[in-house]
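What follows is a single chain, given as structure tokens, in the form predicted alone.
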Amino acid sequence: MKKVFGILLLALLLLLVACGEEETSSEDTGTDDAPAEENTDESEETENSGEEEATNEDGISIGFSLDTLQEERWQRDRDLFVSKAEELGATVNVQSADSDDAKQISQAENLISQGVDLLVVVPHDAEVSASIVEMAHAEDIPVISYDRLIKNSEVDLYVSFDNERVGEMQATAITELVPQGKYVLIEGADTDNNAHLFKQGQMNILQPLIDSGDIEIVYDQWTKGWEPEEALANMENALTSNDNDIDAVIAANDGTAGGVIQALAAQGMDGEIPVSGQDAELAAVQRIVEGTQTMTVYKPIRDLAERVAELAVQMANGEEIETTTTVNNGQIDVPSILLDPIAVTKDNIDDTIIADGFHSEEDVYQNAD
């Protein structure tokens, strides 16, 4: 009996030892698996992080700060610029300030904080936007002034059309039709440096005729924010103060021309008074073929947008840029590239705007008799 009890006791001890070893083996296996799984995750995370860093380092990021997208012209600029930049491998973050200085500065600050490689700015206010250049340069981000010059700053590059030449084209077209008479000038926004360049160009042509007594400027007003409603009010004031006795109007762009023509139409004078414009907006070229607007200045927007996109990518990559001239902005002579505008009348719409595909023949002539 004692022998049997001893055998049972020995078997029980062996069983307990075996269970202990199995439990220990199980615990060890669990401990080994956990670190192995964590190491795998860390490896994957590091690999993914490396891919993201490579993407950020290799891809060019461009901030595009626009004054407004309310006008057809600026929507075209945006689309053409973004398309070309993306074709060249860059990404573009577009911000529109709705003609609000504080909003544009805030948006630019946000773009800078995102770490864009370069900033392209269409300034609302030429003076106020100098702070954007200062903020960007503090982070070693170059700035291109697009179409409108940023004043009193060390902006890196200015690309636009020859805006003084635009004004000369406007005045030339109108004075050829009305070499003598009473003129109204409906200029652009006083805060836009381009508006001053347009006016300077106009006066290059008008001043000799003013000095000779052939032309009299009976009304001359800036248009706040380039708003057509402001141009309409200005033109109504011009008509009222001159008892409708005017002979010609030089309007700085197609938006202001639209306001002018609306005021003239209210007096039954649309189509009788020559009116200039600029930007070749669809509504404007339709007015030209209808006979209520005399001319516009066509600035091939594709040339400008795509050229700036190419320059932006080159500058962001640290490449040297060749410029054709300089324009003084009140602080420095800004390296500049100025493209050629084209004066458009009813006689050459087909050979310019339509031939370039800027507007279709169907759209241009849809309201024509």
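The model shown is predicted, which means the values in this text are computed figures rather than measured ones. A residue's number is simply how far along the shown sequence it sits, counting from 1.
Beyond the structure shown, there is the form predicted together with a small molecule, which is absent from this document and is the topic of what follows.
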Heavy atom within 4.5 Å of the small molecule in the model of the complex - the one residue of Asp125, Glu187, Glu168, Asp147 that qualifies: Asp147
In the model of the complex, the residue from Thr223, Ser129, Gln278, Gln293 that sits within 4.5 Å of the small molecule by heavy atoms: Gln278
Segment assignment from 110-118, 234-242, 69-77, 172-180: heavy atom within 4.5 Å of the small molecule in the model of the complex: 69-77
Contact of Ser153 with the small molecule in the model of the complex (heavy atom, 4.5 Å): no
The small molecule contact in the model of the complex: Thr191, any heavy atom under 4.5 Å: no
4.5 Å heavy atom contact, Lys199 and the small molecule in the model of the complex: no
The small molecule contact at Arg287 in the model of the complex, heavy atom, 4.5 Å: no
